[in-house]
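Each of two forms of one protein chain follows alone as structure tokens, named structure 1 and structure 2.
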Structure 1
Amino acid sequence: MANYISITESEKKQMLDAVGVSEIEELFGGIPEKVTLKAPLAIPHGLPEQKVFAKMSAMAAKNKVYRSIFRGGGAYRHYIPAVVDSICSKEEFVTAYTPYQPEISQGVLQAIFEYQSMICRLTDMDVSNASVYDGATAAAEAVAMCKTPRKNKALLSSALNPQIIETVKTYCFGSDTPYEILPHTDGKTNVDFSDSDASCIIISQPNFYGVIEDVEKICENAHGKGIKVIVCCNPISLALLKTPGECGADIAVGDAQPLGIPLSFGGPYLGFMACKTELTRKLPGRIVGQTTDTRGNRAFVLTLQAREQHIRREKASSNICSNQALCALRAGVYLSAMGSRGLERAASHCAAKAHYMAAELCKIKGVSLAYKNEFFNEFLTICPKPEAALSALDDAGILGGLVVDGKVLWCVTEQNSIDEIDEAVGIVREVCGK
């Protein structure tokens, strides 16, 4: 049995003596007898590490690890350079607390500052925070940033990831914020602001169906009505696609899981949030700023804390305290390792291979693209026998696309080789094409 306790039995006695009690139980005398447990917890006895590892490994072995994945929908398998794991397992980074004491936390503070800088460069925005829980909560927090005393309604594209829509709705229930779901046509959000009293609109770029939205036009129209635009983006796509900044968006959010974070059954992931300067003081969460120490040396520190719960309590911009700092570190290391050219290459792989796979699939009788609009690396197909096709792929160790309303949403990344794509298409052809 492990307990990670460093006190020996004889030391325990000395310490009890020093405190002035004979039994450790006496220290718990302040707990009323009525609420004191009378029996041990109904949890098995502890195990030595070897047995724990065997038990946990057996559990892990019950999960199927696919050799090839063509499914995205908010979680993406990209290549993670070995250096990312190596750097991010340094125990100073892993075990430190939030850097409240800047004098002994310059490393983690600078790493977050660099992460913020890279997020700003990717999104072409002015200010990034140090992270929030995930892309869905980032979108929900962004809605709160846009509320004013006069306007609070949120417009949600129906082409957002359903996980994001559901999360935003829950936050709206909490804050009594009205919302409206906007329909989509041919995979693109249908936007009509003509008599809208909304405070903001959330759209996704590319959207849930992989389609590239007309973000620039939406921003133009929305701003004409005083509506702020929140764009949820796939960070890998930002190496190629027009940035939220270039399109005129007010807030860019998203899940940075594709940037060096493994699939992990959905978490921990990394919510990023970046905005225009004028919204800085509404941004939730930690922000690291650059300053100097008393000797005039450059130093980094948590800043603009007058937004935060530990200072402002009920007047804070959000309740967030813990964030996803270690995941932000991963994203920072990933982006630094890949560099501009590497990230552009990853994005090009994604787009090129996805279009290749789409073209190959569409050669199969009965298979066609559900939408004719341009896409990035996910696309929706009409497929005659979706369940049978996916089941055949599964038998071959391949996780096929996601079934959405009877159609199949495919995702291709640089991890999928042309051979793998050909193999998967061949299996779909076997099932559907005859």
Structure 2
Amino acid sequence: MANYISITESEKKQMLDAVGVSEIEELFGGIPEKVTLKAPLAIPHGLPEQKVFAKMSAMAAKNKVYRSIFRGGGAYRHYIPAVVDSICSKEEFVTAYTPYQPEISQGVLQAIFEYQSMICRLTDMDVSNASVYDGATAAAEAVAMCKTPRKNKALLSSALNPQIIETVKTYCFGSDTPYEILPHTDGKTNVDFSDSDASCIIISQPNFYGVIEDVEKICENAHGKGIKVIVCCNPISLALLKTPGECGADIAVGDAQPLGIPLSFGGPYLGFMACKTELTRKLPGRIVGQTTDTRGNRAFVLTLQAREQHIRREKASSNICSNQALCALRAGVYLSAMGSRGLERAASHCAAKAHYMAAELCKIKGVSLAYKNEFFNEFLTICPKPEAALSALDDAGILGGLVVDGKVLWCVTEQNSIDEIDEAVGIVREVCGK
């Protein structure tokens, strides 16, 4: 990025003269005397660049950086091409203010438009937005899209990520929306559509336990009862599995973090949302559309803002007025760099290596798959000494799986080599084989 250059004293004087004051303090003359500062704030003096660098380096050294990661549960370590950081660090994109003025925001608007187009292609949906904080928020917003005056109950799979369930429940509480948690058997959601009051059902593909759900069957049965289907999906998995659109879903949501966004201690991330044409006007947040200018040239603008809270106020179906353009840009650049073939190869590596690790772990006495259903890159295992095994992995600089109800949820991506997998399995064998 370019260095910031402050204004000169002469430029400052010209600005003050233009507004008719002689000192900057006069600009704040309307502030009551009793609330003004009588002494400078207790803020340390500035440091030379070298000392600031040393201080920040010392702070960063306190972080524990794992050389190998086998944990997912909603946030995943994937390969990020160097071009993603190169493009997304350009100062033209870093200031991601909402592009309300299209005449000076064509670059950012086009970037968002391309991202939306890629999400539509990835999910096989008709329209996408670019404004939601994360996957859990996207799922909650999707529930609001499905409500009608006659049907407003939401059905939630218990095999959803717990964070998604809690976020949806919070949204439901705020909008007086009833909900029901559906149980699961052997890792798959038990679906009962006898309740005609339901407006929608939310399921994950793959679900939190890594199991691949029968989304097509669920969509068919749900639509027979007039219930819309919301599918929370891992975007990388869509390179191999049937897309939400192919399965007949009405709305596809998820977290785009795997698409070129680093783990970054939990954020910022990006919730993607895409839906069928008939739900377009209910889709919250920013939607960029393509048009032509007065000269007939291709141009981009924000569209359908009438849905927004800042225009419709209390009548709005959503309060999302955010702008996740920088994260959306990363996802767009990542997808462009990887291409359909690259994304498919990454997904294939995830699935193949996950199945290899599962098979190797299950050779250890006392370790077995908790569920026998097919999975993508996450799987749940019964482990005789889960905490001890994960502690031993941690001592070796390896972040092991996530403990879920006394079992271990493992995750493998294309970043995990066979040697890393064998090392991790060897440590688990040493601990659990005793």
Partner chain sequence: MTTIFERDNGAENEYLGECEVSYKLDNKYCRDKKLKLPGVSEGELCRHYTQLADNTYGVNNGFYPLGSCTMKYNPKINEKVAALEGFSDIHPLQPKSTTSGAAEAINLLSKYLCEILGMDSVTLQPAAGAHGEFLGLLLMKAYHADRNDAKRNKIIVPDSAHGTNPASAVMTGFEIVNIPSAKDGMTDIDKLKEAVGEDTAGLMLTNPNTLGLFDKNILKITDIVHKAGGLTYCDGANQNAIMGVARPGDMGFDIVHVNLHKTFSTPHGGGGPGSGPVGCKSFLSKYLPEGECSIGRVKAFYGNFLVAVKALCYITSLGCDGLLSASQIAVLNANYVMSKLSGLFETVGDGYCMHEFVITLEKLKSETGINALSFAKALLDEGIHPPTMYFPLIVPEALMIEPTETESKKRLDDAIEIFKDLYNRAKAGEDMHNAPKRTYVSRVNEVAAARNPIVKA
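Being a predicted model, the structure only gives us computed values, none of them experimental. Here, rigid core means the biggest group of C-alpha atoms that superpose within 1.5 Å across both forms. Every residue number counts along structure 1's sequence, beginning with 1.
Between the two chain copies, the one drawn from the form predicted alone is structure 2. Once the cores line up, the CA of Ser417 ends up less than 2 angstroms apart between the two structures. In this overlay on the rigid core, Gly29 has a C-alpha that sits 2 Å or more away from its partner position between the two structures. Here the two forms are laid over each other by their core, and the C-alpha of Gln14 is off by 8.0 Å between the two structures. Taking the core as reference, the C-alpha deviation of Pro40 between the two structures is 6.0 Å.
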